[in-house]
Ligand code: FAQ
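Only one chain is shown below, in structure tokens, and it's the form predicted on its own.
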């Protein structure tokens, strides 16, 4: 592409962004835009498939057949979300196998929240209510992302996440209106998952490396701090309905602004977890790598079958 043609293509790209329209896979786009999308979508996809683990190990221990069926369906949804997102990333010219290799070798990350253990059944409720609730706050604006395949994938993902959030709330509601022991279990789960959930939105805006450019390109619609505030404003009244106490002594409602003032999480912990030093980093990644290696025969069989079908068709 000549310098003039490239300049025109970039002008067209910027005009599309300025018009709040969609960039599609065959449209010209800056290398930085493509790389930012690949990084973000891949991290999102990795988070979905790693996120199956904390809940998956509770399927056999769920307290009833109904709870088992619901949790199994939720874990299957998360696998599907990963597939949608890997497919969206592939429209940018990357190979899914390469993305998985980067995950397995630590060259790409997934959400820090999935490096915490699920110690009790109440944790499954806290993940649904808090973690999926935070995901909804993060992801609903992505339905208006400037990149078409990502935005369209997020519409389906967000609809399913809303059911996951309700499922988690219902688990905690059952526990918080149950026996004193069940109520204590629900409060303990909230105490442990509150701060990691706040960290899901990333570092503060002043320390965020990618947010400003991502917002300029229309990939993100709101800053990390704006989304964190939205999550707190949404979640605190829900905790009141559950009869649970948010573990933040600095939590105060401001009648003037209509927002809650709250204590910021310990971002030093976030950075350590992202570096691989969280409670479950090694376990989560080792489990994912083993599952991938154990499934090699399935991929090989599927490839052989597809090759045979193509040969017959030819």
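Not measured: the values here are computed from a predicted model. Residue numbers count along the first chain shown, from 1.
Omitted here: the form predicted in complex with the named molecule. The next part is about that form.
Item to check | Contact flag, residue 177 vs the named molecule in the predicted bound form, heavy atom cut 4.5 Å | outcome: Contact with the named molecule, no.
Checklist entry - Taking heavy atoms only, is residue 169 within 4.5 angstroms of the named molecule in the predicted bound form? => result Outside the cut-off, so no.
Checklist entry - Is residue 202 close to the named molecule in the predicted bound form, meaning a heavy atom pair under 4.5 Å apart or at it? => result Residue 202: yes, in contact with the named molecule in the predicted bound form.
Checklist entry - If you check in the predicted bound form, is residue 183 within 4.5 Å of the named molecule, heavy atoms only? => result Contact check for residue 183: no, nothing within 4.5 Å of the named molecule in the predicted bound form.
Checklist entry - Considering 146, 235, 187, 138, which brings a non-hydrogen atom within 4.5 Å of the named molecule in the predicted bound form? => result Going through each option in turn, the one that passes is 138.
Checklist entry - From the list 120, 162, 91, 208, which entry has a heavy atom within 4.5 Å of the named molecule in the predicted bound form? => result Going through each option in turn, the one that passes is 208.
Next on the checklist: Looking at heavy atoms inside 4.5 Å, which stretch does the named molecule contact in the predicted bound form, given the options 25 to 33, 44 to 52, 281 to 289, 255 to 263?
Outcome noted: This holds for exactly one stretch, 44 to 52.
Item to check | Neighbours of the named molecule in the predicted bound form among 20 to 36 [non-hydrogen atom within 4.5 angstroms] | outcome: Residues within 4.5 Å: none in this stretch.
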